[in-house]
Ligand code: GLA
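Just one chain is shown here, as C-alpha cells, and it is the form predicted on its own.
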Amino acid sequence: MRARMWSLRHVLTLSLAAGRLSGQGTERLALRPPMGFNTWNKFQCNVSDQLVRGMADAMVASGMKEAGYQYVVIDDCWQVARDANGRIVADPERFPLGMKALADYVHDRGLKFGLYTDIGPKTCAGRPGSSGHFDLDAKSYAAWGVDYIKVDWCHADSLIAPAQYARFRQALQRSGRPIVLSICEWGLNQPWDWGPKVGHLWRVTDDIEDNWRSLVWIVNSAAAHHGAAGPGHWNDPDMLEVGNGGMTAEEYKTHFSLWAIMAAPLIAGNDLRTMSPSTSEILLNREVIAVDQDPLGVQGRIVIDRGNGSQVWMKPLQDGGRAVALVNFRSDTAGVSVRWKEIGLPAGPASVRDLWAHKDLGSHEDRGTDFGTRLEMKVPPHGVVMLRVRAAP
C-alpha cells in the first residue's frame, strides 16, 4: 500500500497538533526502550483475566522483572462494546472483575499495565475502536490505571495518521495520567518523520512473523530510520517472537541481538509461564539488555554490509565504548571482520567482550594499517556474535 501524499492543509494541521504537545518533554516517559510482554504473538484473541495475571506472576518469578521488563500489555479482543454513555466495555466473561482490578493486580507486583485500541472505528479483530471517543477512552484508561496504550491503524485508511495520533496523544495528556503511546500504523505514513513529536514509539514495518525471512526483511527495513530514535521516542520493529517455535535458538539470539542494538522496545511475545531454558537464556541476557537500555539512547546502525550475507552493526554507548553485532545471514558459517575505524574507535588496543559467551576476549590491537590486525570472528549460520568494544585509556 502506498503512503498518502498530504496536502498543505494536512501539513498545517499536523504542525498545529504537534505544537500543542509541548508537555511531551516533561512527561519523562520511555526514556529507554520499553520492555515487557504483549499477548498478541502467542495468544492473539485468546486473552483473559487469568492469562494476564499468570503472565504478570511469571514475569516476576522468571527474573524478567528484575532484568528490566515491566509492561504487561493486553492486545486486541479485550473489548466488546460501548455502554449507553459511550464508554468502552471489557468482555465481562473473559474479564469478570474488570480492568481496574486487573491493573491493580499487575501494579501490586511492581509492574505496569497496558491495553490496545485502534485509531479507527474498529480494531483489527473487529472490536470497537476509539474513533470519535478519544477523550472518553483516555479517561477510562486513566481511571483503570493504564500505563501504556498501543494504538493500531485498521479501518483508518481515510484518516490522516499524524493528525489523528496527535489528537489521541492530546486526549491522553488531558486524562491526567502519564501513559506511553505506542503508534502502530505499520510505517505506512513515514512515522519516523512525525512520531518523535507525537508518540513514544512507532512501528516501522508491517507485523513480524515467526520465521527467519520475516526477521531479515524487518531488520533491513528498520535499519534505514536509525536517526529518528532517541530517549523518549523509539523506532519499533514489532514485538519479539523469541520462544514461539518458528525459528532456531541461534536465529532467536540474532533476533534479540539486533533488536537490542537497534535500541528497539523489547516486548516479549511468548508464553512466559512455560519458557524453555534456551528462551529464558535469551530473554534474560542482561549484557545484551544493557546494550538496548544504554542511557545514551542511540539506535545502532549498519556500518559494514559486504553484500555477501554478512553485516556489522555498531551502537555507541554512554561509556564511550561500542556495541558491535557481527551478523551472518547466510546458511553456512562465515568469517565476519571489523576494523576499529569502522566502529568509530582509534587505532590501537581495545578490550573486547563477547556478550553471549559472557567472556572477556582480552585486548585486541588494530594498528590501522595492517590488514591482519582487524578483528575477525567465526559466526554460525543465521547467527550473531555480539561484542562490547572499548578503546584502551
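Quick note: we count residues from 1 along the sequence shown, nothing fancier. Predicted, not measured: the structure shown is a model, and the values here were computed from it.
The form predicted together with the named molecule exists for this protein as well; it is not shown, and the discussion that follows is about that form.
Within this chain, residue 261 is remote from the site of the named molecule in the model of the complex, having no heavy atom within 4.5 Å. In the model of the complex, the named molecule stays beyond 4.5 Å of every heavy atom belonging to residue 143. Under a 4.5 angstroms non-hydrogen atom cutoff, the named molecule in the model of the complex lacks residue 340 among its neighbouring residues. In the model of the complex, at least one heavy atom of residue 239 sits within 4.5 Å of a heavy atom of the named molecule. Taking 149, 184, 88, 288 one by one, only a single residue has any non-hydrogen atom within 4.5 Å of the named molecule in the model of the complex, and it is 184. When you look in the model of the complex, the only residue of 210, 292, 251, 76 with a non-hydrogen atom within 4.5 Å of the named molecule is 76. Segments offered: 200-208, 261-269, 98-106, 301-309. Contacting the named molecule in the model of the complex at heavy atom distances within 4.5 Å is 200-208. Shown without its partner, the chain has 116, 124, 125 in segment 98-131 as residues with a non-hydrogen atom within 4.5 angstroms of the named molecule in the model of the complex.
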